[in-house]
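Only one chain is shown below, in structure tokens, and it's the form predicted on its own.
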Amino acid sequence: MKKRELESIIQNILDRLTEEGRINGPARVMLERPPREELGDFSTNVAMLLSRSEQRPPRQIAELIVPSIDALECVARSTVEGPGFINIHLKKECWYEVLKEILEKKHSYGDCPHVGEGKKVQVEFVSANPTGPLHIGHGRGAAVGDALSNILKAAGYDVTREYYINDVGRQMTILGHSLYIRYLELLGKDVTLPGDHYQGDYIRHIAEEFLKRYGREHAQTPFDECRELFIEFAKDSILSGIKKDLEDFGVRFDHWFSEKTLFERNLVEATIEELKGRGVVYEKDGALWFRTTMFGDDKDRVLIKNDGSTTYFASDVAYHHEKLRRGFHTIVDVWGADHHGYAPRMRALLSALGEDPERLRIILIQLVSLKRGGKPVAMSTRKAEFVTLREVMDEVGRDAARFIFLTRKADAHLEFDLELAKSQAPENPVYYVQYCHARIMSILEFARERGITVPDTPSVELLGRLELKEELDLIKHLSRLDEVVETAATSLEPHRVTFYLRELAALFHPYYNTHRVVSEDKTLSSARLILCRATAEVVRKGLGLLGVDAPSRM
């Protein structure tokens, strides 16, 4: 029995009681899982919600509702507790239907298409400046954005993954000039790379590639005359590396959006003109300002500086205007925590355009501290004091990196222990969950070798052999997958799936260690194999949502 199904059934009971005039109008039924097992499988406070309109104590209302709930075929008993909570205990036979549903639906089990109903959602994530390789902070953002996209899709949304390429502005000029200086160095010129330029060895490697392609052709060319060539060469080289790292990390984007195209298509100018027409732009001190304080920002923001150049904010405004024009119901931006100040001003844009600012959802990714010898590694793309995503993937593997990036809420600081990520121990969360799947695959193979079959449509009588508390606890946890997917999608919190899988593995491993799955009792063996197979399906689905493999062997 699923939570949503039971909510619907009890809602129908309240509707009937209303029609009969026994209550004055139903409230919306919301079921919760009680904090303690003895309080039942589900609990509702609907009687307390009705108390004001009924003008009588909640316990009286609850006692009116309880007989109808008790009459349901799936309910063993329901009780009124405390001020008026209705606690519901289900018959164990009802839980067996969960196993049958899992075996029937397989990979689609846990999907909840009724949540998104096909609404278009854009998730923009990573969007690292193409000025250096991805570091582990970008890796965390990639894991969060990609897993969230998978979860939103499972929840019925039409999802577009997008990467915004910041290929305009001062940082690109500095990048091009960094390459130019390293190129001249290779030619034996007496030059020095300025301290505010990109210092990493990756710039030297790009310079070597540039030299191979162009030779000494630009040895005497002033930078101002070859600026675009060096900028584009450096950008394309770095972006190619970023794409390769992301592909190997299991992340693919539907769209790569270049900031440069905003200017090529005059979208920045058009957006500013629209804002002028709405009376939210003004001139001051020779600059053009967006009156974001009208919409809750702490100060107004400059769109065009007094030298005539546009700000990064102007590009962001035009880009988000373009997102709205593409018809996305919801826009999700996954940003580094250092961008927290951008949230009010971007929501101000939506308000200024007459849109609901809640259409923009922002996820802030907190920093990752990498443990290596107990010392954190500083990250600065210009000084090149950072650990790249590629280095972490090469050392611990894609699966471990992705899973560990998702073990905490995105806006919470994360410590990444390299040694733990590589260990084959229960303390390693990804190993613990993947081993659950691999262990079950081994059990199923062992059973096949002994001729024990696992029926695709087991009978209630067969499943009735699953009488142990540990078995029912496992089944009840399996039943929660769609709730977890729905909550993770609506709250934009993919770590909820990671937590769920760790809890599931923590239920399965002790069960396996305590009870033989394949025994001389073939009927009991078949029933337990069904439970194992269903558990494996759910682990595989959950790991798939996170973009992590479910290995058959470890």
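Values in this document were obtained by computation on a predicted structure and should not be read as measured data. Position 1 is the first residue in the sequence shown; the rest follow in order.
Missing here is the form predicted together with the RNA; even so, the following discussion is about that form.
Asker: Would you confirm whether the three residues 302, 407 and 435 all fall within 4.5 Å of the RNA in the model of the complex, going by non-hydrogen atoms?
Answerer: Contact check passed for all of 302, 407 and 435.
Asker: Identify which of 260, 205, 284, 276 has a heavy atom within 4.5 Å of the RNA in the model of the complex; exactly one of them does.
Answerer: Exactly one listed residue reaches within 4.5 Å, namely 284.
Asker: Just one of 27, 66, 518, 492 has a heavy atom within 4.5 angstroms of the RNA in the model of the complex, so which one?
Answerer: The residue in contact is 518.
Asker: Counting only heavy atoms and a 4.5 Å cutoff, which of 217-225, 90-98, 323-331, 306-314 contacts the RNA in the model of the complex?
Answerer: Only one stretch passes the 4.5 Å heavy-atom test: 306-314.
Asker: Contact with the RNA in the model of the complex for residue 552, defined as at least one heavy atom pair within 4.5 Å: yes or no?
Answerer: Yes - in the model of the complex, heavy atoms of residue 552 and the RNA come within 4.5 Å of each other.
Asker: Applying a 4.5 Å heavy atom distance criterion, does residue 256 contact the RNA in the model of the complex?
Answerer: Contact with the RNA, no.
Asker: Using heavy atoms and a 4.5 Å limit, would one call residue 524 a contact residue for the RNA in the model of the complex?
Answerer: Heavy-atom contact with the RNA at 4.5 Å: absent for residue 524.
Asker: May I ask you to state whether residue 412 is within 4.5 Å of the RNA in the model of the complex, using heavy atom distances?
Answerer: Contact with the RNA, yes.
Asker: Any residue of 437-475 with a heavy atom within 4.5 Å of the RNA in the model of the complex counts; write them all down in order.
Answerer: Heavy-atom contacts within 4.5 Å come from 438, 439, 442, 443, 446.
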